[in-house]
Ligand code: NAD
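Take a look at this one chain, the form predicted alone, written out in structure tokens.
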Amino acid sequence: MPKILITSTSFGKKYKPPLEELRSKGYELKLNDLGRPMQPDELIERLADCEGCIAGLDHYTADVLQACGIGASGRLRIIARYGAGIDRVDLAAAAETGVTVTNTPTANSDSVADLAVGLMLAVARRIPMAHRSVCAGEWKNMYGVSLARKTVGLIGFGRIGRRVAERVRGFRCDVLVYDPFVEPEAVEQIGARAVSLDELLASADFISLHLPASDETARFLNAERFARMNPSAILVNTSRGEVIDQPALINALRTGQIRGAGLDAHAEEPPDVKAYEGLDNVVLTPHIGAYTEDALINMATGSVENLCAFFEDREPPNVVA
């Protein structure tokens, strides 16, 4: 049976049936021995004798695929993403080297959307700060702002963005959407309104990012765009850290260009928390958007289903490339 590298650090930890299924079918498994996403050179070393991979947040660059792909000099035939995002896989290089790429597109959408709204509330109502204050023996008023009836701007309107829209509509929010790849009619179907980026930045009290990492989205929110934001804005990012210019964000937080930020995704993980020292208007979480029992079950089940289908000469349910 094929040898499979599992790079996800959470696969099989909380929910074991998919891992046990692979073992029962006779797959030879190599687990992540580093406890973190792997760098390209580390992937090349560990994929050298593998035909498949259940991939976490590692970067499958052209170098990795050209070294390991079945159509190049290696044995790798499939990368089964444990999650929805595919921006860390070089799809062009995968096609060139004959490597099939699959994902689990809806597995964690609800969990990430829940966290996005949770971060809005955590920053707006200063929940982490209030917790620390009480634990320090204090008992004082700590004023925030309400999410109800505010204007929420969504940059990106894929599966997660749509679910965030559904949730904040329950708070009676007006929802603005900027996504040039989505027809306005699709936005209007859930009671939101498609607008230009300029209008969204100027009007939204809460801005939630739902963008992939790419050359086009790198530092999408930069100093110039922070300056155009509503000063009452709270920024939430549960997508990719690379889409924010971190120095520009920190300046915006320190100077009051925006009210606050809730960040689950970071350009460097873990982030340099010293950069946020002294700020009480930011909430940082360790990229936990997909870390619910529900999402982990869905991602594990989906990635194993894709992998097994491929090696059993069936069409995987979710082929990306």
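One-based numbering along the sequence shown. Predicted model only: the values in this text are computed from it and were never measured.
In what follows, reference is made to the form predicted together with nicotinamide-adenine-dinucleotide, a form of this protein that is not presented.
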Contact label in the predicted bound form: Pro180 to nicotinamide-adenine-dinucleotide, heavy atom within 4.5 Å: yes
Partner proximity in the predicted bound form: Val89 to nicotinamide-adenine-dinucleotide, non-hydrogen atom cutoff 4.5 Å: no
Contact of Ala192 with nicotinamide-adenine-dinucleotide in the predicted bound form (heavy atom, 4.5 Å): no
Partner contact for Thr238 in the predicted bound form: nicotinamide-adenine-dinucleotide, 4.5 angstroms, heavy atom: yes
Candidate stretches 246 to 254, 159 to 167, 120 to 128, 136 to 144 - the one whose heavy atoms come within 4.5 Å of nicotinamide-adenine-dinucleotide in the predicted bound form: 159 to 167
Listed residue (Leu221, Ala94, Ala213, Met229) with a non-hydrogen atom within 4.5 angstroms of nicotinamide-adenine-dinucleotide in the predicted bound form: Ala213
